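Shown here is one chain on its own, the form predicted alone, set out as structure tokens.
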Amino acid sequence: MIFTGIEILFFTLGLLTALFIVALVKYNKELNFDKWSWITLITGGSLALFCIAWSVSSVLEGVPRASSMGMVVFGIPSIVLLLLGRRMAIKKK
């Protein structure tokens, strides 16, 4: 086997991180984020990436209950923070 699950996870996380940064820069040119928009968007994005890493690594270790709890504990706040940051950026414009 060439790639294990963890190697694919890290590659995917790197790809998602790069896409998130590119999207933030693109939307910043459009909307001119303020300090609080940056803070909430970066915190929400980091939490979403952590949620993905937690859940996939838990499934690979054979603990699906920890995976589902990680989705609830880390996923829901990340979605709330991303939506809040988006709303603050659009409201400012």
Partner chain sequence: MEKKELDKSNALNRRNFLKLGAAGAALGAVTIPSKARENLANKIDEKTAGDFIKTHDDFPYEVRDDYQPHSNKDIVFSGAFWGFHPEEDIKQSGRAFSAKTYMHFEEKKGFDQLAKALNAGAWSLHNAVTPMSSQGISQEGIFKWEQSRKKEGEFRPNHDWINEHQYQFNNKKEAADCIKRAARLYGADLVGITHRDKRWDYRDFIDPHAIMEGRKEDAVYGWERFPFEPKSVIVMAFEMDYEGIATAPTDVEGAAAGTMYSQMTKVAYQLSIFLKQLGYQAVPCGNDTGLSIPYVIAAGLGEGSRMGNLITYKYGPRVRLAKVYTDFDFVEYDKPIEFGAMEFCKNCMRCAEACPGKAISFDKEPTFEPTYEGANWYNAKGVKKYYMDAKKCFHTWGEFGTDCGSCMASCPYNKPDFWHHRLVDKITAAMPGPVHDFMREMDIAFGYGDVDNPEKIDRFFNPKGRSYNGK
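It should be emphasised that the depicted structure is a prediction, and the values quoted were computed from it without experimental measurement. Residue numbers count along the first chain shown, from 1.
This next part talks about the form predicted in complex with the partner chain, which is not shown.
With respect to the partner chain in the predicted bound form, the three residues Leu31, Trp38 and Pro77 uniformly fall beyond 4.5 angstroms at the level of their nearest heavy atom.
In the predicted bound form, the partner chain stays beyond 4.5 Å of every heavy atom belonging to Leu83.
Remark: Met69 counts among the residues lining the partner chain in the predicted bound form, judged by a heavy atom distance of 4.5 Å or less. The closest non-hydrogen atom of Ala23 lies beyond 4.5 Å of the partner chain in the predicted bound form.
At a distance threshold of 4.5 angstroms between non-hydrogen atoms, Trp54 is in contact with the partner chain in the predicted bound form.
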